[in-house]
Ligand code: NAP
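This document opens with one chain alone, in structure tokens, the form predicted alone.
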Amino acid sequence: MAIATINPATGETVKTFTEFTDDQVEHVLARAASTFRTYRRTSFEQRSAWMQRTADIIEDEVDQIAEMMTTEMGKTFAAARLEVLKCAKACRYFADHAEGFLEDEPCDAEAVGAASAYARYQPLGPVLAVMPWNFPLWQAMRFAAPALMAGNVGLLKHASNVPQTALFMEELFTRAGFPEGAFQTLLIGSANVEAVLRDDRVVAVTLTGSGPAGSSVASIAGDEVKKSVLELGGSDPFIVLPSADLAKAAEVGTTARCLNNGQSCIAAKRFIVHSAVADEFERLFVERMASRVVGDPMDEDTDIGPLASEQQRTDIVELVEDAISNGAVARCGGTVPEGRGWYYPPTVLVGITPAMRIHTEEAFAPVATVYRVDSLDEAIELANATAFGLGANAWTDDRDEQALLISGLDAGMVFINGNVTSYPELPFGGIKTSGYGRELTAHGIREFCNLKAVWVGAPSGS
């Protein structure tokens, strides 16, 4: 795939970039290794000041950054602004909390016959981040902010359709005062990731992306015995039970399904509704999905912009057509609009069966599948009947049902009566084929640290 900015609203190529040569890649890797040797000795106070300055720049330039992201991958300008500001929040969060998250943890010195004993978190070195296009700034930032605050240095291999965002991130951290080489972008294709990951100077890898990409990176990292963290796909359930506020559930469900033009791993995708309230919920949900305005992502009245690429739209067209040909019914949407750009309308499919591909595959577009069940147990069973396990969403005001859902849903995150969202203050990640490891909060910053046990004996002669 060419490294280029192609505006998904028009299909026009805005700018192309030349892939790095082997010599350029070597220069980046050598600088990362050299920088780490000195950067790891900087203080939390220094890193925090640089990270706060990063947040300042982001907030000062929010509109320019948002416009760049909208041009590269098609999210609405309003959504892009929110993403940019979320990145500033994450920078400030880790600037304020990293030292506390990584402070020495006392151990039982007496039990091990030491004068003192503790566990210390120390940085590992250059970490490779392989990042996707759908949240081009946020998903890279939720790696970068904690990694840099921990004393690691970052190497970003971003998706090939968001090169301007990738290059901006390197420039951003340098402008904020971080030493040159602390965070660098590699303009390389997917075929060259393996060579970088196998390089001895790269100590670990984090990937957010597809299942096949995650499997490949995990295999290489395992072969090299290097730490890896994977955040992969999701087909999150959205369970609605009789005690739920149906109007609120339908409204939040619409937002959850259409977030980022439907291109989010943690978007609600499978709507599992109790039969007692299914008719009313479907009516409300379809009404709200159909009312979303599809159009120019730069227009403030637009709710949903184009999909990020022509291939993205081709993939969802094939999934929907397969479902309909096997008996599903589109309550709204389901057809490609006329005109240029890679648009696809909000779509609600009912009558889903296991014979349809969309029953097991992730729909990366504003397409919702709706199921009916007759009990809480049946809802949980259907929710868990997937290879994915990223997030799960459930709506009920019954405390006993809430407890059963929290314990019974197979997912890395469970949200009750609210939308699944990533917050710096909560651990983020999944289970099963949705990946392993965690990002954000204390759990995320510690993923790329060496937890070193320290034992100190009594002074000689004492």
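Counting begins at 1, following the sequence as shown. The structure displayed is predicted, hence computed values, not measured ones.
Another form, the form predicted in complex with this ligand, is not on view; read the next lines as being about it.
Asker: Going by heavy atoms within 4.5 Å, which of 349 to 357, 374 to 382, 132 to 140, 330 to 338 lines up against this ligand in the model of the complex?
Answerer: One stretch meets the cut-off, namely 132 to 140.
Asker: Examine His158 and determine whether its closest non-hydrogen atom to this ligand in the model of the complex is within 4.5 angstroms.
Answerer: Yes, His158 sits close enough to this ligand in the model of the complex that at least one of its heavy atoms falls within 4.5 Å.
Asker: Closest heavy atom of Glu72 to this ligand in the model of the complex, within 4.5 Å or not?
Answerer: It does not: once this ligand is placed as it appears in the model of the complex, Glu72 has no heavy atom within 4.5 Å of it.
Asker: Find out whether any non-hydrogen atom of Thr369 is located within 4.5 angstroms of this ligand in the model of the complex, and reply yes or no.
Answerer: No, Thr369 is distant from the partner.
Asker: Can you work out whether Phe281 and this ligand are in contact in the model of the complex, taking contact to mean some heavy atom pair no more than 4.5 Å apart?
Answerer: Contact check for Phe281: no, nothing within 4.5 Å of this ligand in the model of the complex.
Asker: Can you work out which of Asn152, Ser228, Thr254, Gln312 has a heavy atom no more than 4.5 Å from this ligand in the model of the complex?
Answerer: Contact check passes for Gln312.
Asker: Of Ala204, Leu246, Val84, Val193, which residue is found within 4.5 angstroms of this ligand in the model of the complex when only non-hydrogen atoms are counted?
Answerer: When this ligand is considered in the model of the complex, the option within 4.5 Å is Val193.
Asker: Going by heavy atoms, what in 200 to 237 lies within 4.5 angstroms of this ligand in the model of the complex?
Answerer: Contacts from 200 to 237: Leu207, Thr208, Gly209, Ser210, Ala213, Ser216, Val217, Glu231, Leu232, Gly233, Gly234.
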